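Given next, in structure tokens, is a single chain: the form predicted on its own.
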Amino acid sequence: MKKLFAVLLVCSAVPAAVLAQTAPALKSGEQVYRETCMACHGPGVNPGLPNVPRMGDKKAWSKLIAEGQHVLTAHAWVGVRAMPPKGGRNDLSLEEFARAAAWMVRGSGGNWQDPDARMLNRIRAEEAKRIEQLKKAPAKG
């Protein structure tokens, strides 16, 4: 009976230990947008950034959407034009960032889905290409 009790005790502790080690849940695209992206991409905000595509502006987003999900997401992740790398949030994962990009596109005339493993791999490959392009570009000054 003591052995059975010991086995049951160990077995019940294992799931709790596994749960304690799991990564925190990823933020949704909407959550990242509201916490980070909305400051510049929200409708009617920050008139000092006139060329920023605003959430819901189908015309402004159409050219960006045409670039493709992996290209646009990778370039934004690395930093593009006035946008800082990772939207200025170093604590975001690539997947969270990509979810926010997809969420903004869905609200702006596109039909991108949250990235799966295959899309994340395509984004990472494009990110590497973009970084190489930026290294080769002449310095501005």
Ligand code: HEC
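None of the values given here were measured: they were computed from a predicted structure. Note that residue numbering begins at 1 and tracks the sequence as displayed.
Heads up, the form predicted together with heme C isn't pictured, but that's what we're talking about next.
key: heme C contact in the predicted complex: residue 50, any heavy atom under 4.5 Å   = Output for residue 50 is yes: heavy atoms within 4.5 Å of heme C.
query = Can any non-hydrogen atom of residue 83 be found within 4.5 angstroms of heme C in the predicted complex?
reply = Yes.
inquiry  = Given that heme C is not shown alongside this chain, does residue 87 nevertheless sit within 4.5 Å of it in the predicted complex, heavy atom to heavy atom?
reply    = Residue 87 belongs to the contact set for heme C.
query = Would residue 40 sit within 4.5 Å of heme C in the predicted complex, counting heavy atoms only?
reply = Result yes; residue 40 sits at the interface with heme C in the predicted complex.
message = If the cut-off is 4.5 angstroms on heavy atoms, which of these, 94, 64, 78, 55, is the one near heme C in the predicted complex?
response = The option sitting close enough to the partner is 64.
inquiry  = For a quick check, can you give me the residues of 99-127 that have a heavy atom within 4.5 Å of heme C in the predicted complex?
reply    = Contacts from 99-127: 100, 101, 104.
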